[in-house]
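Below you'll find only one chain, the form predicted alone, shown as structure tokens.
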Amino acid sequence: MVALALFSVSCGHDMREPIRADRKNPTKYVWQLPEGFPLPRVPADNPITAEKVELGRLLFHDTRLSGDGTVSCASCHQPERAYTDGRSRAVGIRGNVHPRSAMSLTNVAYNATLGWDDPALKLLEDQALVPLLNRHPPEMGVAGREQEVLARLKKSRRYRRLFFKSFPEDSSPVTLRNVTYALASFERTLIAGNSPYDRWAYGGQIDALNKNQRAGARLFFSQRLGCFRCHAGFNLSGPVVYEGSDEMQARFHNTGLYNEDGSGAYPAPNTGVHRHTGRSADMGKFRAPTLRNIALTAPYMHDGSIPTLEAVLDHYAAGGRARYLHSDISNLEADSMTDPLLRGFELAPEERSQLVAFLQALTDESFVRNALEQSSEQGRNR
């Protein structure tokens, strides 16, 4: 079951479907979590409500939220692609190309850190400011045009009412801060946990995976391949946080994608955690994203440089491109900053096929279908 709001929304300028909620008493948001999933952590200063989730969903899909009114959050995070865009690198206003690919927002509420490589970026409220205000390159182009963008929203009667209902304590609630708080609230509801793998592993449906997919699961969780060491737990990702969890130490990995100088250098500006810390030990380190819905989010890696799941497996089987370009795969050595977990492994053609079949079984079709239905409804009612 996908955690989405319990009522339909539209993105028009009128109130043909008014929210039945008193301004001073916002509606409590009712989580609909997959079996075994913990409650997402919600900041105390941004309690989640049904009205705030609806407002965030509308803003997420609205091009009026960009500086020139041409792109929305959904331009780079498309529901049909599990909230990615199918490009190697994201494209913002006026065709500006971002250095990195758009990460999937699947289960983003559980990420211990956000983005590809920033250890300090931990709150969705803060992350929302990055595409809105980033100048190098501009993504949504709001920097310097904040009041112009807010004025557009204030012209909409629907938005005015939704902001008041979402932030009843504010006398003038249409603010950039409240925009980010609403976006964060909506993004926390993008929870997927109804894939064939979930139904097989947690739902007791022994026929939810076919023979090849089950064989692929055994390979994925085997000591020989060790995929699970970086893509672990219910989210098949790096460290997660949730309500009541301990603070988790962020983990980043150099997957041997580049070795520009024979010592493991990555091409600027994509030097991973290194670009924030300047430490040579952080060169090429990126976060391990969730593998949920991975079949929908090609191309892969932080810069979209690997086009297919098969090619991803080949990369890891070789112990990382940085190694196999500079050393004999039969005698892997630490000639780069590549994470020692990347040891390389032999992978027979049949095993390669089985692993891909398992990864495809991580797709939650109901998650995508529900998201598409809601975005389509919004488009019709603009």
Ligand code: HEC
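Residue numbers run from 1 along the displayed sequence. Everything numeric here is computed off the predicted structure, so don't read it as measured data.
The form predicted in complex with heme C (HEC) exists for this protein as well; it is not shown, and the discussion that follows is about that form.
For the chain shown alone, Leu114 is a contact residue for heme C (HEC) in the predicted complex, at least one non-hydrogen atom being within 4.5 angstroms. A residue is said to contact a partner when one of its heavy atoms sits within 4.5 Å of a partner heavy atom; Met140 meets this definition for heme C (HEC) in the predicted complex. In the predicted complex, heme C (HEC) lies within 4.5 Å of some heavy atom of Pro131. At a distance threshold of 4.5 angstroms between non-hydrogen atoms, Tyr29 is out of contact with heme C (HEC) in the predicted complex. In summary, the region of this chain contacting heme C (HEC) in the predicted complex, judged by heavy atoms within 4.5 Å and restricted to 241-249, 207-215, 75-83, 165-173, corresponds to 75-83.
Screening Leu183, Ile191, Leu296, Leu153 for any heavy atom within 4.5 Å of heme C (HEC) in the predicted complex leaves a single hit, Leu183. Proximity to heme C (HEC) in the predicted complex, defined as a heavy atom within 4.5 Å, singles out one entry of Ala232, Ala265, Ala201, Val91, which is Val91.
If you check heme C (HEC) in the predicted complex, you find no heavy atom from any of Leu58, Ala120 and Ser375 within 4.5 Å. Shown without its partner, the chain has Val71, Ser72, Cys73, Cys76, His77, Ala90, Val91, Gly92, His98, Arg100, Ser101, Ala102, Met103, Ser104, Leu105 in segment 68-105 as residues with a non-hydrogen atom within 4.5 angstroms of heme C (HEC) in the predicted complex.
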